[in-house]
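Next up, structure tokens for two forms of one chain, structure 1 and then structure 2.
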Structure 1
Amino acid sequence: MIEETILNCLKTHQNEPAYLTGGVSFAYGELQRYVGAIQQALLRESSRAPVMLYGSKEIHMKAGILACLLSGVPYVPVDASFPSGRVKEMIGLAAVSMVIGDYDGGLTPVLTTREIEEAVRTSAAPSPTAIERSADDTAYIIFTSGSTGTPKGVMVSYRSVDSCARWLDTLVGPCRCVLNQAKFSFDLSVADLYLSLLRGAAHFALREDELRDFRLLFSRLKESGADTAVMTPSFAQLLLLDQSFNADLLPRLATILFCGEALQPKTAKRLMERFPGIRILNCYGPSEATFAVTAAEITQADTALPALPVGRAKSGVEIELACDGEVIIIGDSVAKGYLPPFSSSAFFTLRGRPAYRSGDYGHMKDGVLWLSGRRDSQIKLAGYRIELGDIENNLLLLDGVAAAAVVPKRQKDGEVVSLTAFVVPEKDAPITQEQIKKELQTQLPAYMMPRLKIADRLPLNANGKCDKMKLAGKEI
């Protein structure tokens, strides 16, 4: 299983770079000492109750993940930017026994970063070891937004982590430095975290302050020398707004893996122009299915299509479509379910295997999955049912449009009264609001036409996706 692979990686790459963040580099030997120090504290607790990892991109976050994984203790990654009330909710829901990091909210014992550093400095920590556990035990709990306003904890097993990580390793292939965009509290980070470990590669993590400062961000990108990157499509669109995001900045970049949102053909095309020969992997999968379950390598020909495929299912997974086109995921990547008190009919058993109703709609062609929308992105306006992604895709097909997002305006009772499209023009070929309206009217019926607003860029949420809640809050 994956723990033995991780131990071997820590021991055989002692002097090679393991983790780089904020201008600080840690070799695998140093990472091993941090893992040992945290595991020693976990074993003193003599409990296998979940442990919260609290912080951002600090070394204790990555080392904490590995220590918990090796100790058979479920880890719960929580970013320090989360509101205190939400963090307390998560601690209660997950029945957390300890917090690793500088959390000062009370409720549970805390292993601080100072204590970890002291253990590492005094060499008091033994080498980490793998503690026996079952493949069906919970490896991690990751929280997603709940429709009730209470976060839902998704329980992912060791079996699912191992299956997903080894598939990703085969999918991506050899790599020496993997670029991380996502917070560890977002399951997109599962890909870059485990890819780096399985290959003994460097893991270059971008911090929140770097993501907010374009000059610092591009300096870090150049410094990384990454040959592999894991990111959201919205983050790539943001980077592409600057002409210096190209092969001169990242000359070794050979593969970009996307997940979390729909990758647009125009985005893929522009990346291929900026990075000749780049491999673009378009993946699909919810948190409830361990990061991703399908992947497609996008070709130049694909970029001429109105939408991109999300590919074939990984080994150990089947994709089926319900009668209404909803995607059903079956197999070893499906999570164990939600933490109580949540339960959901979306998790069920099919032909003796775990299955999950995704809420995504799509169709299959020659074994390849194509997505067409989500249940929660369909709205009803003036009696017409409208898929917001349909409008966004038509906007992105227009020359001169770099990015677009459509949000509904609702009354207090939830009824949709209008639609607004926020459009980011390409800097090298700008398009006016009048031009957009004129061209869009040739593609969409009148009832689907949104109001138009020109924007410099689309805001990103904490997970690096387009922040539609923030857009909806703007005066429109």
Structure 2
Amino acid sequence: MIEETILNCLKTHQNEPAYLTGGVSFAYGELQRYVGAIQQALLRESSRAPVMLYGSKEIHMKAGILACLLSGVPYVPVDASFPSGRVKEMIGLAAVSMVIGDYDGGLTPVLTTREIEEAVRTSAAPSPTAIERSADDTAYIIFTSGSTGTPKGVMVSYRSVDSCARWLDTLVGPCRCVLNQAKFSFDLSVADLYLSLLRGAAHFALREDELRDFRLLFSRLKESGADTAVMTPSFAQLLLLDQSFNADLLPRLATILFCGEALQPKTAKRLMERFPGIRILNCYGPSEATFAVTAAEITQADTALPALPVGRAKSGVEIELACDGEVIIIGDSVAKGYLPPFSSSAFFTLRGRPAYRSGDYGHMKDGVLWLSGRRDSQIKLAGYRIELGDIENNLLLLDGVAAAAVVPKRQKDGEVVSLTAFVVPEKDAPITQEQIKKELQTQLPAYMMPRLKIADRLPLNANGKCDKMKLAGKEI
């Protein structure tokens, strides 16, 4: 069980580094005090309603996750960079009334960051304990982009978390320091979070400002001494642009675990050149199936192929293909479903086990899964999952917008490199490009913001639908 892993880890590795971020290092003993202080406040509330965890890479985020997991309180990680409109929607959907962190949007704080610091410094924070819960209870709620313009909350049970943690441990094996790239609001971070806990390893989290500043980023990478890294292929491509991203910078780096989007053979090949002997794991799975459900160890020979496999199903999960090739995920990794009001037709029961229609197309060869595209307009941009309908519907909600269509710009290999929104303003009360940008920014996270192009009308295809193919030839 994940709680035993957490408690064991906190107890056994007291003086060893637990969490490192922004140049500050916390030992497991210190982390334990943070977890104890947060848990004490959580248990005072005597409610098991979901709690929002608000922030980015600060210690209260990591400690808050552990305290919630130990207390049977579902956590909703929300990155502080998200626009206020979107955060309010998440709060409403998850029926959250309490927050850990400094959120000034009207929720009751379980503890603010100042109160957490005070509790850790002044009082003898109690040792954390595991509170009884059932395997079906919700461990966390993660929000993804929804095609209607509203984010979708995925409820993940303790059973799924336990299964994911066990699998990760066998997949990666011993490690001393795990590098984190993803925000805690993106479930890629589930992998580095559990990997570090399972082995009592250090968790080295990169902050947003460090990710944006190459010089700072490379000095942090060097300082990390990481032997394991969890990242998106887009991030690896970015790092590879700099020749100094190599084994001199990270001499101990032995494993990179990828997930979230297609890993290109070229990226894997370059990594193998820069880090001789490196183990590259290509994992696949949606948030609806708890981070990932398949993994392939990429070989040198694989890098000569046009595309890479995503591998074999984890224990506890079966992969099946529908008649049209859609990947169906069956087993204990499948989440409990979406928070209302989203209907859960993608979630169903197959042979008595939970199942999920992924929307991904694929084929199997000798038990290994290969992906070949999507059945809908969900795309990945720099590792982020985006429904084009999410952007379009948010544009249509703006006064003065008559029509809108968002088209992705793709490279030859199919990778999306940017998004362009074609917007037709109302004739009577037109809206300007600047106004659209300003208003859209209050609803969409920065990574979802498209380039804007004002159009007189949207072209139609033979069926009278918006001709996105034609627009695709006009993206910027």
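FYI, numbering is relative to structure 1, first residue = 1. Rigid core: the largest C-alpha set superposing within 1.5 Å between the two forms. Model, not experiment: these values are computed from the prediction.
Source of structure 1: the form predicted alone. Of the two rigid parts, the smaller turns 158 degrees against the larger between structure 1 and structure 2, judged by C-alpha superposition. On core superposition, Pro450 has its C-alpha offset by 18.8 angstrom between structure 1 and structure 2. Fit the two forms on the rigid core and the C-alpha of Val110 turns out 4.8 Å off between structure 1 and structure 2.
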